[in-house]
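Next up: a single chain in structure tokens, the form predicted on its own.
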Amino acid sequence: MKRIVSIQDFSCIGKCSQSIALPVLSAMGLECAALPTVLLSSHTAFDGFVSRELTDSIAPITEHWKILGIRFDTIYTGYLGSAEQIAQVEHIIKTFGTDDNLVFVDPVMADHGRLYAGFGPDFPEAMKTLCRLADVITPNVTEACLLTGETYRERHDDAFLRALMEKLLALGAKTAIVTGIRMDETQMGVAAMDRAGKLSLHNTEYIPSVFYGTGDLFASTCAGALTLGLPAEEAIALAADYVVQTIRVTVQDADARWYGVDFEQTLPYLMKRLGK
């Protein structure tokens, strides 16, 4: 069985980050190790949430793994709470990275044209250093613009997309995947491009609803698919279709706007697509 380590925050209530990665990757037939970077009583949409950074725990945990001789087929990073945590993850990649494993970086830091609360203007520069160590990076359009210096826009064309992808690849990754592409009013797109210049675009139905955890669901599914050996164009199609199918189900749940996408109900769809 292939092993993937998920390095990101954990919310005790609310479906996002580790609480999506662990069940989804396990359902895909992967052993998922979890390294939480921040512990939250709930995700940040709930008032009064309690947050505890686990920065001081990361090095002892990974040192123990090193002593045990643990190896990973994929190192998958999501939300990191500080530049110090980014530096620690860089050390993890250099320690556990091999010529054969995959480094998958989701540079979680922004959406809808602006940085998330708590991140200063220097955070994207710190995230660039992590992206340079990645095989695959998966920013949304906002994050991609912050990483490349492109001006954020809400509608996109072929010229903008290709320029954005080329600048992302110049950071050092072998493959860039960008989510949240809007070519028109009815579709949402995901694009992948490798260093050879091969560009793949997969469009899905645009559903005008916003739920917590959709980005984490896409990244976890995509990372799992790549770990299983699917090519990038198939991995982005699987992940994007699964997210849309989950949104279709979630819009029927009145509490979902708080708790996040109802991916539990659509895991059978994912298993069927994988032939499991």
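This structure is a prediction, so every number in the text was calculated from the model and none was measured. Start at 1 and count along the sequence shown; that's the residue number.
Just so you know, the form predicted in complex with a small molecule exists too; it's not on screen, but the next bit is about it.
**Request:** Have a look at T55, T44, T62, Q245 for me and say which one sits with a heavy atom within 4.5 Å of the small molecule in the predicted bound form.
**Result:** None of the others qualify; the residue that does is T44.
**Message:** Is it the case that F218, even though its partner is missing from this view, gets within 4.5 Å of the small molecule in the predicted bound form, heavy atoms only?
**Reply:** No, no contact at 4.5 Å.
**Message:** Is it the case that Y152, even though its partner is missing from this view, gets within 4.5 Å of the small molecule in the predicted bound form, heavy atoms only?
**Reply:** Residue-level check for Y152: no, no contact with the small molecule.
**Asked** Within a 4.5 Å heavy atom cut-off, is V108 in contact with the small molecule in the predicted bound form?
**Response** V108: contacts the small molecule in the predicted bound form.
**Prompt:** At the 4.5 Å heavy atom threshold, is Y79 in contact with the small molecule in the predicted bound form?
**Reply:** Within the cut-off, so yes.
**Asked** 21 to 29, 248 to 256, 263 to 271, 7 to 15: which one contacts the small molecule in the predicted bound form at 4.5 Å, heavy atom to heavy atom?
**Response** Only one stretch passes the 4.5 Å heavy-atom test: 7 to 15.
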